[in-house]
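The chain that follows stands alone, in the form predicted on its own, written as structure tokens.
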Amino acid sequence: MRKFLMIALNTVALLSIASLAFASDAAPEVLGNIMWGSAIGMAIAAAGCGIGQGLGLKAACEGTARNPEASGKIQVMLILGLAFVESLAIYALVVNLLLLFANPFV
């Protein structure tokens, strides 16, 4: 129940920011809102990816400490997981750069 509430609140918050970012006027205050929206979006993405990578590394260290023979498999899975999490941050960066420099709505 708590996860659904958090997802719903995050969705409402992102939709309220997105309406400001995708405004059709190119007024200076709209460009400022786009910059703020992209900065907040990148901050959220970086924080989430950092937390995810930290949790993955913690779990890999614990798994290796409990079962040293499986350290090779754990290392491969850790590297794959870190790459997938990092790709999410890169996608967020690309979307934010598109909003800043190639916004089709401005």
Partner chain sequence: MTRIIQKIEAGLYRRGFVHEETRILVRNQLALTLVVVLIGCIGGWAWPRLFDFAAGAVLASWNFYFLSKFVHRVLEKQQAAVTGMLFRFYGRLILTGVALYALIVMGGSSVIALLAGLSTVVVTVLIWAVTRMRGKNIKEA
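Numbering follows the first chain given and starts at 1. A quick note: this is a predicted structure, and the numbers were derived from the prediction, not measured.
A second form of this protein, the form predicted together with the partner chain, is not displayed here; the remarks below concern that form.
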Output flag, L57, V94 and A102 jointly within 4.5 Å of the partner chain in the predicted bound form, heavy atom basis = yes
Partner proximity in the predicted bound form: L78 to the partner chain, non-hydrogen atom cutoff 4.5 Å = yes
key: Partner proximity in the predicted bound form: M42 to the partner chain, non-hydrogen atom cutoff 4.5 Å   = yes
inquiry  = in the predicted bound form, is there a heavy atom of the partner chain that lies within 4.5 Å of any heavy atom of L9, even though the partner is absent here?
reply    = no
message = Even though the partner isn't displayed, in the predicted bound form is G32 close enough to the partner chain, meaning a heavy atom within 4.5 Å?
response = no
task = Give, in sequence order, every residue of 43 to 58 that has a heavy atom within 4.5 Å of the partner chain in the predicted bound form, or say none if there are no such residues.
result = A46, A47, C49, G50, I51, Q53, G54, L57, K58
